[in-house]
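Let's start with one chain on its own, the form predicted on its own, as structure tokens.
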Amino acid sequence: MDNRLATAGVVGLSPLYRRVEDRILKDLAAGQWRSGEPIPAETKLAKRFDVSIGTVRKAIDELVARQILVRHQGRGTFVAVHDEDRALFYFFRVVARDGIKKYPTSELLSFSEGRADPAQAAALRIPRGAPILRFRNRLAIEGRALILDRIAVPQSLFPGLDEATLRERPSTIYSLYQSRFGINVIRASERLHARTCARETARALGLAADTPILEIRRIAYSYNDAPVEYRISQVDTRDHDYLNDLGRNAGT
């Protein structure tokens, strides 16, 4: 964006650094800077947006706090990459009773093409009946199955995604979204409620039918609050808790 942000029509609508932040997000959404790539220096961005370096720095501070960007001392500011550490500490919230969080292992149980039902269509903001991809994952910690994920994504956002790609991915699902399809999940909205598990879930997690479980309905968003994934997770919480550190994860 080469036009000036500091105009009378813009100032007063929102803090100027927020306008810079929004412009950086739009450029990220457009693919101007890919995951792991550096963004321009603050001096260049200040000139581009016709604002002070302090305003640019404040905007970047906000994006770093949200873990969309990451600063490397002496090297510059880069687009964050979805590695295992980020997935574990930013998006995975199931911990043992002692509070220790451990890496889960993931097993793909099924993959299919389908059509969006009303709940999926509403969550993903796509027409009812639009083509989607559906898959189920079982997550285990130290060999014990704890979570059954049912995931739906718009087929239009993930061309070429198939069972083999999911099964053979070298890292997390969000890392695959980012590296293969250029889709960076930057936040998620979750709703939690208690229920008893259905027969399918009981079989997958080795539970008796009607065992109490925690159900988490998550919508994952990319830049500009665009929904890219709808996930229903059912969690065996007999020995584990859902932990949300609000101070640490204020950007989610």
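Keep in mind it's a predicted model, so treat the numbers as computed, not measured. Sequential numbering from 1, following the sequence displayed.
One more form of this protein exists, namely the form predicted in complex with the DNA; it is left out here, but the text below deals with it.
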Check your understanding: Exactly one of K26, R195, K58, K47 has a non-hydrogen atom within 4.5 Å of the DNA in the predicted complex; which residue is it?
Key -> K58
Exercise for review: Look at the stretches 116-124, 90-98, 67-75, 134-142 and give the one with heavy atoms within 4.5 Å of the DNA in the predicted complex.
Suggested key: 67-75
Practice item. Determine whether any heavy atom of L16 comes within 4.5 Å of a heavy atom of the DNA in the predicted complex, and answer yes or no. Key: yes
Exercise for review: Verify the contact flag for T211: yes if a non-hydrogen atom of it lies within 4.5 Å of a non-hydrogen atom of the DNA in the predicted complex, no if not.
Suggested key: no
Check your understanding: Does at least one non-hydrogen atom of Q32 fall within 4.5 angstroms of the DNA in the predicted complex?
Key -> no
Review point. Does any heavy atom of A226 come within 4.5 Å of a heavy atom of the DNA in the predicted complex?
Key: no
